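As structure tokens, one chain now follows by itself in the form predicted on its own.
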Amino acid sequence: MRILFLTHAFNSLSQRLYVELARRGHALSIEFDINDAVAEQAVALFQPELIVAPFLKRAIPESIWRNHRCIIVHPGIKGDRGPSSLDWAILRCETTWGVTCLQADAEMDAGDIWASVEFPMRAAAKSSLYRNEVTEAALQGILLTIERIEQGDCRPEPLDYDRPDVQGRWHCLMTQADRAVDWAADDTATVLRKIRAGDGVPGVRDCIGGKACYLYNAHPESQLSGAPGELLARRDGAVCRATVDGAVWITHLRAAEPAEGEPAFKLPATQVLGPLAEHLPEHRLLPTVEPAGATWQELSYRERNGVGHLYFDFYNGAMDSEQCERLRRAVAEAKQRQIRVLVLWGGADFWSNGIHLNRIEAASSPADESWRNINAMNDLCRELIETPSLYVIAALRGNAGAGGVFMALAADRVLAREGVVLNPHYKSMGNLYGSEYWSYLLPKRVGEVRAKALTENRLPLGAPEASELGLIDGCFGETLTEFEALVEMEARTLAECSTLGERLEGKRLRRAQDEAEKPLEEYREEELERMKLNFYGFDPSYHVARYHFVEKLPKARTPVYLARHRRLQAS
């Protein structure tokens, strides 16, 4: 089937649907929803049999939905309508929620229903629910919708609020008044719900020490306490703030009324607060220390059954220079322990997306910070590559992009959950060349020809496809729990295997041979020479693309590598 994606952005949900539908043989093209005329032109060029709207911020033009079957992916149960569906579900403590695939009509979210898939709600941020439960339900719903359309004799179900299975209702746009935290009255659970309901976009507007800001990414703290609303401590860029019955960690803020020259995008909380956070006691936790109760910890290390497990969870998968260095030190320390297998666990939402573009954009010299950040990533990757006495497993629970993909390839074995999406390329960020020793690691896995294709085509790759190509070593586990259990079993079996010593010796010999043929430092120097042009050269493409990405500026056009219909037109 010829399917056109009409979407505000090629986000995680759109990418997952793209790779799954491409796997099933559908002819796909993508158009960003810029305006009516552009959308109409895309439809005229591609002549789709079906239009899928996985992520829109406005209604599909009547000129399109009256003449073409358009399926809206709505993150709500049957009958739910309105722009803040998931926000209200979190705030109202819904135990079950869902995704509905409905046909576009004159009335917003009121079209006939092709499919509806429900899931149990998890105590998590909106962005995390969206990337996991909502995405999985949307995939099931779209596949079911396409199956019913292809059958030919199926008809969608009209929205009827008299039906007992239609439990949703119209919800208005959630305002900041609805989200506002009352620090003098709200308990920890309420504060968490409010911040989680706004995570990603738009955040919760608040005031800290007289500074207006938006709050993001909150986690419970069970040991620290103080006067409600009081700032108690800082840790790795986050601040801890007291509630009426405990405290919460808030990792990121965005200035609501930025001063001249002050960034107006998300950054670590201590960076946004500046002097307001400097006096706070630094409540550090070593990765090897298990906290006595709930807290927030970016890095943690545990040993089970002779296997070391190193966990890192960086917000949105972005890794700044300091985070790279902290993780590198944790890897170096793990290498000194009495283990022979080390498992690296990225976050449940993201493994890693490489360098931290927001931190770079906020720096006094973005070029210098880019250089510092990429070198810190390289130091981390080299620490992983040079582990002669350890067998390293990269366990990708969440998506990975750019340098994060190649960081994973620095491990001996790369495993991913079935639903993970990889973007093993840099070029969409202003023709960035990339480093992280990719020119050494990638061809060793897939060969020179495929390495060039992967880095040039700029399209997402599903974990099964990545496994077939040899980019990763395996994918399994429909759920996070299943994936984690299978990885732990494999790591334990490997640690107990009598031939592990032979494997490690073979690894050491191969690394020595590779080093003799071409030293790692030479790969690094060649990559960085190209990146120096990105950062300091005459072509500003990287800096322009980063600025647009960080500031979330509206798309002016759809890149031709996504818009297949425009490639066909050009040819």
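Keep in mind that what you see is a predicted model, and the values were worked out from it rather than measured. Each residue number is its position in the shown sequence, starting from 1.
Unshown form predicted together with (6S)-5,6,7,8-tetrahydrofolate; subsequent notes refer to it.
Contact label in the predicted complex: Trp65 to (6S)-5,6,7,8-tetrahydrofolate, heavy atom within 4.5 Å: Yes - in the predicted complex, heavy atoms of Trp65 and (6S)-5,6,7,8-tetrahydrofolate come within 4.5 Å of each other.
Interface membership of Asp109, (6S)-5,6,7,8-tetrahydrofolate in the predicted complex, 4.5 Å heavy atom rule: The answer is yes: Asp109 has a heavy atom within 4.5 Å of (6S)-5,6,7,8-tetrahydrofolate.
Contact of Pro281 with (6S)-5,6,7,8-tetrahydrofolate in the predicted complex (heavy atom, 4.5 Å): No, no contact at 4.5 Å.
4.5 angstroms heavy atom contact with (6S)-5,6,7,8-tetrahydrofolate in the predicted complex for Asp105: So Asp105 counts as contacting (6S)-5,6,7,8-tetrahydrofolate.
Listed residue that, although (6S)-5,6,7,8-tetrahydrofolate is not shown, lies within 4.5 Å of it in the predicted complex (heavy atoms), from Gly82, Gly246, Pro287, Gly317: Exactly one residue meets the criterion: Gly82.
Heavy atom within 4.5 Å of (6S)-5,6,7,8-tetrahydrofolate in the predicted complex - the one residue of Cys381, Leu267, Leu215, Ile72 that qualifies: Selected option: Ile72.
Region of this chain that lies against (6S)-5,6,7,8-tetrahydrofolate in the predicted complex, out of 50 to 58, 37 to 45, 509 to 517, 528 to 536 [heavy atom, 4.5 Å]: Stretch 50 to 58 is the one.
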